[in-house]
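We begin with a single chain expressed as structure tokens, specifically the form predicted on its own.
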Amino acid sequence: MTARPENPHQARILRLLRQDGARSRAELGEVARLSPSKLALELDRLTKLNLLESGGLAASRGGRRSGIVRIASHLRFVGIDIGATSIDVGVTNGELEVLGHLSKPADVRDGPEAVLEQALDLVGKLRTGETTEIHGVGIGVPGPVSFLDRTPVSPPIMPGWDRFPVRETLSREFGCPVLVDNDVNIMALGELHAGLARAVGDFLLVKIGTGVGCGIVVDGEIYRGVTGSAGDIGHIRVSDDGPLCTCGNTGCLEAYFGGAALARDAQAAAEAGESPFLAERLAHEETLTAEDVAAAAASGDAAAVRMIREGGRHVGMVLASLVSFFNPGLVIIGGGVAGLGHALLAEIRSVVYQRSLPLATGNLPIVLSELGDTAGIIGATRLISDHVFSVE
């Protein structure tokens, strides 16, 4: 059974050490605003709970040298990031440093049993030769997750996952706490912990992968809405007579842009003879992907460049409304399709800066994620460590 802090002071100490790493007792007392005697009491209890350990002595600040404390080195958290077409798994220590990371292609439409089995196999490979206990597992899935019972609810691209007990299934396997969230939310948590948003309390993380979603962070916390469906911007309607979306409606942002929409449009351009580059790729491959569009655009292919610009324009139109409404301090663009890079980013920026009020965009950075495919892993372990490092 994973130990938990006994009171809010201990929980705060653990979260401070998780974020900033080892600290001297003197520094920790100042930040945690605890008297030396109270701090010593709480650190002693956390050490007995095997959640903290000594790290030697700090440099002298004048007088006796203060002892260094850090999160116990044996703690291990697992992050599982399930996407529509891939699985990423990582193991971190208590400070959420990624100690191992594996990924593989996967199809979420194969159903929860098959996909979770593949995830467990990756975790098993990461644990080879390591006998340490897993103290918590965080998992992200590419669909709506109920905030009430942490189960996927009618996810459009995840047949067979509706109300599937993901948390209970993995908890039985690992014998530790498990939490489930939407994949975009865990990416936002990853950016909050280790990415470009570390010093930003209010920001948006827009994931452009097979679909499109948005993580909303308010005052350093994920905003999920009443039931957990906040941020599902991929199903905001862009046009009344647009293409059919996986949700059953027409004209959604996701139907216009994202990995699946790009693959569809690339196929059409290749077959219509509009893109020699994509036509040649299609002659050697069964299907085309967003990566093929990126390669085509890099070679100067006009049709591919047009697809990226049109997609960026649609994302920018939706994002401009969100910026005017929410007034964030930062917008981060992540996900596989964000690999299209600065051509996509430039179009999104252009539309947002043009359509939103100057007061909202005057000091608004819109940037590409620097965490790549580790954002979800770090965020998933942040999610579960928030739980483990809280009072029961």
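Remember, predicted model here, so these are calculated numbers, not experimental data. A residue's number is simply how far along the shown sequence it sits, counting from 1.
Same protein, other form: the form predicted in complex with another copy of the chain, not shown, and the subject of what follows.
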Exactly one listed stretch (34-42, 340-348, 327-335, 47-55) reaches within 4.5 angstroms of another copy of the chain in the predicted bound form by non-hydrogen atoms, and it is 327-335
At 4.5 angstroms, heavy atoms only, are 204, 216 and 225 all close to another copy of the chain in the predicted bound form?
-> yes
Contact flag, residue 196 vs another copy of the chain in the predicted bound form, heavy atom cut 4.5 Å | no
Considering only heavy atoms, tell me if residue 232 and another copy of the chain come within 4.5 Å of each other in the predicted bound form.
-> yes
Please check if residue 144 has a heavy atom lying within 4.5 Å of any heavy atom of another copy of the chain in the predicted bound form.
-> yes
Partner proximity in the predicted bound form: residue 264 to another copy of the chain, non-hydrogen atom cutoff 4.5 Å = no
Find the only residue in 305, 317, 260, 106 having a heavy atom within 4.5 Å of another copy of the chain in the predicted bound form.
-> 317
Exactly one of 72, 157, 238, 126 comes within 4.5 Å of another copy of the chain in the predicted bound form through a heavy atom, and that residue is 238
Which residues within 347-371 place at least one heavy atom within 4.5 Å of another copy of the chain in the predicted bound form?
-> 354, 355, 357, 359, 360
